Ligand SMILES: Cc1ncc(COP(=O)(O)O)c(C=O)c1O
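Here you get one chain, nothing else, as structure tokens; it is the form predicted alone.
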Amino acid sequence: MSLSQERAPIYEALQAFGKKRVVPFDVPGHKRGRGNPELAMLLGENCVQMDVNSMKPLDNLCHPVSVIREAEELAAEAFGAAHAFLMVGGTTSAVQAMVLSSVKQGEKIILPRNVHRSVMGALVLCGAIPVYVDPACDERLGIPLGMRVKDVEQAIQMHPEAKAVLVNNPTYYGICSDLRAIVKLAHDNGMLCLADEAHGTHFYFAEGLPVSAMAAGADMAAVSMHKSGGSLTQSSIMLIGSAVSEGYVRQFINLTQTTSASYLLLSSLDISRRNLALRGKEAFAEVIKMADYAREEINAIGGYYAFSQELINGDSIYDVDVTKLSVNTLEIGLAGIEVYDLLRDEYDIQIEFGDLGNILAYLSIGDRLRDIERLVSALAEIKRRFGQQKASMMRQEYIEPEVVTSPQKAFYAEKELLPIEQTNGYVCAEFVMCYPPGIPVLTPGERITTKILEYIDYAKRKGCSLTGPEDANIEKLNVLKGEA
């Protein structure tokens, strides 16, 4: 079958179905919006008319044979993959399927510690054992970087029985490892190479950006189309190479993904893939120009440091995604999360996230130059109105974990809930993370230390949104019983 990137088969099928005026005696129960007029008014008639159930003319995501199958084939061609799976459970479900189909209970997977919570959640589900490659850390910025090739090689030599290596491509801050070299190391040692590309959709459709996972020869990649790709929130794509069985991977996807796939999400993936395939190169060229301009203007303010390719060192920072507008704020005496809050509360500007030392403004195909100007002006005013001495700021840094047991064993073990200040020395039995970005400070099976408790306390005082524990106020933590 000849493929044309101008097609959008799911969207086209929905349009054809809408013209037939089919009487719905199936789900969803709102019956094209008639049963819930307030919802129809909020979302619009087109939206509720397209919120339909899987049926023969519209295919089925669990076992696609027609329009969804064609949409997946078009996506695979656009991304340079052997096969693409449309995902409606976010990139979390794509990451989980990627990990679950690569490692089993008791098997090892090599990965950086600064992974998204979805990776650690997958390890809880499957019982695999993480082998951490501690990322290097930039002293000035206090952010974890990429994996050094020599560290990955050492991990493979120490754990030759490991089944896979997982790489962030890129990190939340836009930092990339030497993906081609890591893929070769993994393959030379009989291991799969997996890429979390939640923040790298645009790598496939632009020039002058870091290499994509499929171009680097990775076996699987989880791609957040809804981030920089323009599709609806929660829609994602999972890519595989020719060495991986499509049918085998789909079995794992179907273990955790819904059987009631949203056609709003599916059609948004279909339309967004078409948009990027036809116009992505030109669109992202403009995004790169805007990001470069923004960095120049922000750095001219003084105090802020909008960092980019000048950090490249050929190893732990092998490449940098120049579309990421990452800005260090510590020199103006404010934590990133404080600048994040001020931008929203004082200037009606919502950026992606702020951590203890940095902010990230996420630029993509929908941004405009006048909005960049507004952001730059607001940052200048924040420095003038709220800037302080740096001396009072806690230095942000990567905290190397002490892994005592596997995430699965700790998560399901007998545990006790203790006041957080009494947990020093215990083994954590749940997740603690700042969200966004969703990188765990603690995962089940890791030793709680004084440094970690100080970090959590400081993050709480600065206003970071901490999530994960059973106690929503993060005043207590679940720990392994009798493990102090």
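Computed from a predicted model, the values in this text were never measured in an experiment. Just count from 1 along the sequence shown to find any residue number.
Separately, the form predicted together with the ligand exists; it is not shown, and the next lines address it.
Taking Gly90, Gly127, Gly241, Gly121 one by one, only a single residue has any non-hydrogen atom within 4.5 Å of the ligand in the model of the complex, and it is Gly90. A single residue from the set Met147, Leu266, Leu194, Val95 has any heavy atom within 4.5 angstroms of the ligand in the model of the complex; that residue is Val95. Judged by heavy atoms within 4.5 Å of the ligand in the model of the complex, the contact stretch among the candidates 206-214, 147-155, 224-232, 372-380 is 224-232.
Contact annotation for the candidate site: His116, Tyr172 and His199 all lie close to the ligand in the model of the complex (heavy atom within 4.5 Å).
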